[in-house]
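Before any questions on how it binds or moves, here is one chain, the form predicted alone, in structure tokens.
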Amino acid sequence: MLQLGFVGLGVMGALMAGHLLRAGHSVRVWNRTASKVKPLKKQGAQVAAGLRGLAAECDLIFICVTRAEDVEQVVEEALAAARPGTLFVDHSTIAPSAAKRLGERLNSLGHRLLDAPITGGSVGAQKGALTVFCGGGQDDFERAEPFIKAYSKVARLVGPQGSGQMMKMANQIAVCITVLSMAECLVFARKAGLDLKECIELIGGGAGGSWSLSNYGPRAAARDWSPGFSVANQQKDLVYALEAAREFGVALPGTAMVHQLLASLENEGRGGDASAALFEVIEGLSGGRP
């Protein structure tokens, strides 16, 4: 049995590692905040004392952290003890340029990288129904895919190293625009005296429907900004998307506007709120609550 390592046990990573355990895989885990390993230990995970210890025992290492610098730090420490030919599967969302750079470094040392950012949110992670965009070699994808299946509904190789992150940037561009659409739609409906539940139901089933309206709409109607996909994480991804767009000479006026609107929430110290809180930004621009 191959030994799997999983680093980064936040909202998404802990759920994904749990699916691997329930699928019968041997998983060794590590997290910077040690308390987060306890639930997985109860599920049968082995707990590594550190990254070097984890790397020394694992054939594949899955990573799910926040920023490019976090991924690079994990990989650099793991390399000190990594087995020859270790495959790193990075589920974090980082800049495409950072993924390419990291992939080149690992290739030069005889290791491999599959950049494999995810989408589907915490609900998708709970259900084991994430979509995974993979960038790397065909052999590396085939090596990792049987394990990725434990927590995904779709996992697809979309190109060479860095391509997974490029696809995730395209995804985040689409997502942020639909969040704005949801917010504007529901603020308008509320100001017009419409029932928001009925609005979500009727519009969501037609041409105006979207994942954001169906899933974030009820949260906006209830003013539930409890942690999900946070404003801070959305902003981090939009910075990466806008940087990549500048490299290609692509104009993203809608994405840039959402980035600017979400910045007002960050400035209020609300970076931890769910990104659906964009509803309150639009509401504020519209004169506040009716």
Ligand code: NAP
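The model shown is predicted, which means the values in this text are computed figures rather than measured ones. Throughout, we count residues from 1 along the sequence that is shown.
Beyond what is shown, the protein has a form predicted together with this ligand; the following relates to that form.
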Legend entry - this ligand contact at residue 26 in the model of the complex, heavy atom, 4.5 Å: no
Inset, instruction - Report whether the minimum heavy atom distance between residue 228 and this ligand in the model of the complex is within 4.5 Å. - result: yes
Inset, instruction - Examine residue 65 and determine whether its closest non-hydrogen atom to this ligand in the model of the complex is within 4.5 angstroms. - result: yes
Inset, instruction - With heavy atoms only and a cut-off of 4.5 Å, decide whether residue 31 touches this ligand in the model of the complex. - result: yes
Inset, instruction - Report the stretch among 140-148, 197-205, 182-190, 116-124 that approaches this ligand in the model of the complex to within 4.5 Å, counting heavy atoms only. - result: 116-124
Inset, instruction - For the stretch 1-36, return the residues whose heavy atoms include at least one within 4.5 Å of this ligand in the model of the complex, in the order they occur. - result: 8, 9, 10, 11, 12, 13, 30, 31, 32, 33, 36
